[in-house]
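Heads up, the chain below is alone and in the form predicted on its own; it's given as structure tokens.
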């Protein structure tokens, strides 16, 4: 014999009821069945609502009752159930209406009355489902579970009287001849014959009790999902069904919030080693989850993640606790007297405090009762009044195999820490099948996704990007991400999603990831007015794991935002040089924030675009080498200008060409004034360990005073035309010496300088072509021949590539 239980969603609509009939018909050909059914989806909530309204003397309970009545009559009509059966349904509905009117008249809704009220959902559904089966020609009978399942008293969440219950079940099914027996779940009776219930979710429990009573071969729990999942699929899209799991693991998962299974369900079947199958009514062929005594041997150390929301943490602390026997007893007795369930307990070895997790809605009662119990100690200042922290949740890692794998807790807590998720309390049993942590409710989704990624997704890491600046370089970066997306997934186990984008006019967000091929249209059509403060708030409030802010602007305002991101453990990748060349205290603060909040701050493209200059310098320093001097050509735009400036081409036209080909900033004065190169050598000086500010970099400009003081870009170009003879003179002087003009940055003896120099033939800079950059690192190890890095140092593609490289590096953090 098998037991099939169908939950509220499985019997929620006419279509789903037809699915149930089909499943039962097929199963009945193979075995005798006990079919346990819940109330139609949502009816129990409606019954509770009607009762509450009636108890408050609110006549609108009639409308709720009418909706319940209409719902059941629609089912009867849809299945063509005969008038005789409909009259029985009307009898139930009439009793229900009378009960609601009684509640309305006396303005009272006791627990006992609530039990009777809620029972009508299952009584009505089981009646209609039985009659629908009969009309399908099935051999079926309906039995009221109140005649079989006996509890010890009239309160909810019953203690089952198994001796009497098993005797009733055995006696009935030994004489029953029908192929199928339908019973209402959730309901039972006390030893005195009063109707009671087994608590919300009690239909699962009913099925398990019946299965144990008949020694069934299997219990099938039919619901709206294909088994127990590695995490809540509503919060973790990558969650997947667990094929096989042990009773203990299932119990832990269901206790800690996995709503597929009511926790007490497992106990009766576990004692008799009856397997439980979790199946999907809407996808009957799906494998689902098998719960057995042995579980299965898995390579994964963790079987699932789960959470309980709406938790409060109450803490009793004070010197009066230390070494005093009986404090814990008084605390838990007080909670028990208030019928407050303890979900989590933790106590430090110092015995200075006891921390307990309970439901939010019980916190105020707990505080009042415990403060009263320890009133004397509080007055004597041996204890503090009970501390209550609300808006918390519990997340838990569950798995039988966890005890055989070292470092599980370390992986869990490091993953949470890297994502700026603060842990308020920790609990782990000696069995090592569960590690629980209390965190802020707002962090639950991020925590579950980060942990699921860490333990279940073959080490695939998801990076969530917020990009400021989607013009030339930013657009190319998005193109590169789009082009390489599949490669990154397959080769590096890396998934990159762009969650937010902004330019100077508009910004756009999509929590599931922006369609990159349509990003320009989405920004223009669906984007809202750009506001950097709002952009920052959105990125923080979305609270995504592995978040990265990418600055592809030259904006002071954007650069000033880095600290806000880093303090939220959001990594920063920037090609904007303003922050790293700002006041030294700001630069140092950003580096310290990066370390403190475990949020990488990467800015490789600040110097040399896509060339690995800063990374190489960092590796030299980390390995114990020391920089003695640096010589470099660090401006691809200036190198392009002076490589293309010939007597037959004016300086004005050469600069125009450089700007047109994207080698200069929109305002070329930034490049030609030398300020950009000065910032770069300053950054290298700082990264080599020096404390230096921009004004300490000696800048020897080659532009005229009129060039430097021009009022606008167009005015600047006019001054270049005017001063053409001056630039030709500089060029001619170098050519007479057989030298090349290069704009050189130097760092030596603690001093930094930038300026235009005449480079003789044979020098490493002499043949530097096009927009290339070159850096010569002279160190204690490289004292005779420098370490040379050379390559393209300007252009949208290479700069975007450098940013992309920094983003990819995040997979190792």
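Numbering follows the first chain given and starts at 1. Treat the numbers as computed from the prediction; the structure is a model and nothing was measured.
Keep in mind that the form predicted in complex with ligand ASP is not shown, yet the notes after this line are about it.
Chemist: For the form shown, open or blocked once ligand ASP is overlaid as positioned in the predicted complex, with the cut-off of 3 or more ligand atoms within 2.4 Å of backbone or C-beta atoms?
Modeler: Answer open: no ligand atom comes within 2.4 Å of backbone or C-beta.
Chemist: Does the 4.5 Å heavy atom contact test between residue 722 and ligand ASP in the predicted complex come out positive?
Modeler: No, residue 722 sits far enough from ligand ASP in the predicted complex that none of its heavy atoms falls within 4.5 Å.
Chemist: Please run the contact check for residue 460 against ligand ASP in the predicted complex: heavy atoms, 4.5 angstroms, yes or no?
Modeler: Taking the distances in the predicted complex, the answer for residue 460 is no, it never comes within 4.5 Å of ligand ASP.
Chemist: Residue-level contact is defined here as any heavy atom of the residue lying within 4.5 Å of ligand ASP in the predicted complex; does residue 596 satisfy this criterion?
Modeler: Result no; residue 596 lies far from ligand ASP in the predicted complex.
Chemist: Under a 4.5 Å heavy atom criterion, is residue 44 part of the interface with ligand ASP in the predicted complex?
Modeler: So residue 44 counts as contacting ligand ASP.
Chemist: Of these, 94 to 102, 308 to 316, 202 to 210, 481 to 489, which stretch puts a heavy atom within 4.5 angstroms of ligand ASP in the predicted complex?
Modeler: Only one stretch passes the 4.5 Å heavy-atom test: 202 to 210.
Chemist: Using a 4.5 Å heavy atom cutoff, which residues in 165 to 198 contact ligand ASP in the predicted complex? It's fine if the answer is none.
Modeler: Heavy-atom contacts within 4.5 Å come from 186 alone.
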